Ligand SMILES: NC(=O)c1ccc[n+]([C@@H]2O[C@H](COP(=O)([O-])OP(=O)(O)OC[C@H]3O[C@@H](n4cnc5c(N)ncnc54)[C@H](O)[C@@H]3O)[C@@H](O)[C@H]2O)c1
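Shown here is one chain on its own, the form predicted alone, set out as structure tokens.
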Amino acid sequence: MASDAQAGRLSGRRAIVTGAGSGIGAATAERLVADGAQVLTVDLSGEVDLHADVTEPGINARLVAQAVERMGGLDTVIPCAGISAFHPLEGHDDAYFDRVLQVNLVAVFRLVRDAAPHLKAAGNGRIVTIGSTTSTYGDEGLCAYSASKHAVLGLTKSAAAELGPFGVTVNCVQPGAIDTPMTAPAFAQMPEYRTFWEGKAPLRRLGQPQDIADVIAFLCSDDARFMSGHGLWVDGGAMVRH
């Protein structure tokens, strides 16, 4: 939760957070509200304002319209919805690859595109995308996921260049191994994988959703007003040992 010094630093901000039913998205929505923002939360399930599939054609434009109607405007977009699972390259089916790109990349692009006019009009818009350490590096069994997250980082940089003249900052948080409902099945199936990542990080633990949410809140605040176009590793230092 926000400290007394941080409480209210996002007052007046009006945000959309997708994937807000659990994990990083839920922690982010909670943190933004604690810091004073209004937040429209979206997910397929969970305790959110709107239940929606972010890959549905036209849905992101409707989410933007709903946000503007409910909150009187929109200046912050945080697309946290994402999927991942281990799939070796051999036997990797097209349908799964396409689904990962639709959720992790195409839906992010559509939301950023559809929200852009409102963020430009606000004059101090914020976009924070969710990449991964695999946005920079790859990992075995994660071809679809790594491809999508590399692309999200590229989208972030291009959007930062295009929207910067309108006062909009665009950054990408790149989490390392985070203990979330999305990663839980892999850690349960392969306990050695969890042990590996705990040992790889100099901080000697997995990240928690709140660790990522706190960085996202910073990027949404005026404290980060001159930061844009960056991918920020939030990984406990794991990738210094890559």
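A residue's number is simply how far along the shown sequence it sits, counting from 1. In this text the structure is predicted, and so the values were computed from the model without any measurement.
Keep in mind that the form predicted in complex with the ligand is missing from the display, and what follows is about it.
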Practice problem: Work out which of P181, G199, G58, P191 lies within 4.5 Å of the ligand in the predicted bound form, going by heavy atoms. | Solution: P181
Quiz item: Of the options V215, A177, A37, L40, which one has a non-hydrogen atom that comes within 4.5 Å of the ligand in the predicted bound form?
Solution: A177
Quiz item: Which of these stretches, 79-87, 159-167, 112-120, 136-144, has heavy atoms within 4.5 Å of the ligand in the predicted bound form?
Solution: 79-87
Practice problem: Find out whether any non-hydrogen atom of V33 is located within 4.5 angstroms of the ligand in the predicted bound form, and reply yes or no. | Solution: no
Quiz item: Looking at the partner-bound form in the predicted bound form, is L44 within 4.5 Å of the ligand by any heavy atom?
Solution: yes
Quiz item: So in the predicted bound form, does N171 come within 4.5 Å of the ligand, heavy atom to heavy atom?
Solution: no
Exercise. Mark I24 yes when one of its heavy atoms lies within 4.5 Å of a heavy atom of the ligand in the predicted bound form, and no otherwise.
Key: yes
Quiz item: Going through 119-152 from first to last, which residues have a non-hydrogen atom within 4.5 Å of the ligand in the predicted bound form?
Solution: I130, G131, S132, Y145, K149
